[in-house]
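The form predicted on its own is given below as one chain in structure tokens.
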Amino acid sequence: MCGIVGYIGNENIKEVLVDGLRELEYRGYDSAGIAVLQDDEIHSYKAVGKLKNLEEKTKNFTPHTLGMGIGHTRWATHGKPTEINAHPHLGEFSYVVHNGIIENYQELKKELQAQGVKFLSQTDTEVIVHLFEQNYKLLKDPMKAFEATVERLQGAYAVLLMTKVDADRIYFAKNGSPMIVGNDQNGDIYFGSSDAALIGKASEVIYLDDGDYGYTSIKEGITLFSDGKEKELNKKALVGDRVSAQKGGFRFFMEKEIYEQSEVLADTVMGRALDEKIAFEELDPNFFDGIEDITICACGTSYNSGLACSYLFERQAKIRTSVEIASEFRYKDPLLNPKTLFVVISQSGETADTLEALKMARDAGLKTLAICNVDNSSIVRISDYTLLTRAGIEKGVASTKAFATQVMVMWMLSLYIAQHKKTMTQEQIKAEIEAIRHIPQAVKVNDKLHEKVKRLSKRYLHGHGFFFIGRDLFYPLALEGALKLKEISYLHAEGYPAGEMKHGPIALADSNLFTIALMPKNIHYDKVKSNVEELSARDATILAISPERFELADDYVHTYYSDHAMSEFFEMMVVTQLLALEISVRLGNDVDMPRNLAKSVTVE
């Protein structure tokens, strides 16, 4: 969830860029940088950490008016958060900033290295600037060189490029990552990866489409192309305030983050789910040698994601997996086997109980792996290896997209281990990869679904509690659905294995007990149906979430992507998130800041 800004005009370029980056801080970042081109000279500054570190570095830099610049806040995906890996990235005579992931960067990097190009960083982005310069040396035309560069890029990108060989223009391209270009009444031109960076500056903007590219300059304005042909500019007035711009028009950050899951899951998968295999460049190929079993340790939502994926590790990778609540694990005098892989999951990387459990495993000589959203966090620094979830910053206290990306990373990890252990055939791996690539589509929220849940929510504001029930990996999803509801609505909710209801909890069943039944077509549908019928016979109020209509249900939400169990898992996840959101909104609660809770739990 990196941030991009750009500017051509007569104002103080440094101040415009830094101010724009400040408005993008809500997206999350671990380093920042700017580059300014004036009088055929490029001045570049980069700093790790907060934006104030960049401001300190540039305090003596005072560019005169008329010039251009680009800036970036980075959320690490390739390479650690260091100054070398921070953007902008430089070539011999050009600078580039980039959001997204270049899937074929390794192929391009090898090709460029064979031509004698030297790389400084570990990032995928650096290939863009070197590829542009090699193309320019061949074509002697910066626009043709930029077009040739964009044609070679695979994956998601929003790119801004400045070069000394064409010192009046900023080149841009967009595919799969957001990019906005606008101008003010004086003709100054602004770029941003979000409205927030442009509000108060640009008066009208163009929301670029995938495949758009072009260049801007003071003399020529904005020139836009698509499919090799010049494109008409569809400008819109820019209105609103910065806080609402950060929310993207949504009522709450949590709502925005539910809708963002399609985008962030695509980021999570990019460069990892290849055509015929799962690739994690972060892991040593021999990392799993000698590993006999896995212990997953986490808290809260992260525990639920780990529990869900324990089914996948055993089913696909055929490796014995246990899941521990970190706050309990620390005090049970656990028996730790050096042949166990110890996996910790944390959104923030600072979860106190999980961190202490990790230290215990490390001190006992176990191999450790972190699934985390924040590079350079405490858990990441201590673990042997880390797989970043790439969710971007999550401002809503009740986690949504962090859960989704954790599950996705571990699903891919189970396949990665299966490849290593040869517990699945090549055809099975390819079928799973095909399913993975459809998940971003499965989690897209359409207006019809959201309106349906919004209408249903008014019927679930009373009663004496909720049971979320499911079987197999849908039991942990039931746990997570119940957790979301109780976190933000303050209503009592429990997640239960559907088959366990008759072993005690069914005593609570009456018309004021709400049962949210997860009924996937691909896993134990008939078994779950039987369990729900038992509840219905006791007059419980049933909300069925399923691709198959259930006649005894009082309410029903239809799911569509039922060709694979994980498609159903992710689609049902979205429904439970929306239900929690809309019930809480009707109750008048602050959805983003629920009482008694903190985003990062750094105490026991």
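Residues carry their position along the shown sequence, with the first being 1. None of the values given here were measured: they were computed from a predicted structure.
Here the subject shifts to the form predicted in complex with fructose -6-phosphate, a form of this protein not shown in this document.
Visitor: Could you check which residue among 491, 513, 397, 189 gets a heavy atom within 4.5 Å of fructose -6-phosphate in the model of the complex?
Guide: Going through each option in turn, the one that passes is 397.
Visitor: Identify, from the list 183, 94, 261, 351, the residue with a heavy atom within 4.5 Å of fructose -6-phosphate in the model of the complex.
Guide: Spelling it out, the residue with a heavy atom inside the cut-off is 351.
Visitor: Are all three of 345, 483 and 487 close to fructose -6-phosphate in the model of the complex, meaning a heavy atom of each within 4.5 Å?
Guide: Per the other structure, all of 345, 483 and 487 touch fructose -6-phosphate.
Visitor: In the model of the complex, is there a heavy atom of fructose -6-phosphate that lies within 4.5 Å of any heavy atom of residue 366, even though the partner is absent here?
Guide: No, no contact at 4.5 Å.
Visitor: Are any of the heavy atoms in residue 392 no more than 4.5 Å from a heavy atom of fructose -6-phosphate in the model of the complex?
Guide: Taking the distances in the model of the complex, the answer for residue 392 is no, it never comes within 4.5 Å of fructose -6-phosphate.
Visitor: May I ask you to check whether residue 299 falls inside a 4.5 Å heavy atom distance of fructose -6-phosphate in the model of the complex?
Guide: Taking the distances in the model of the complex, the answer for residue 299 is yes, it comes within 4.5 Å of fructose -6-phosphate.
Visitor: Quick check for you: of 329 to 337, 419 to 427, 397 to 405, 499 to 507, which stretch puts a non-hydrogen atom within 4.5 Å of fructose -6-phosphate in the model of the complex?
Guide: Correct option: 397 to 405.
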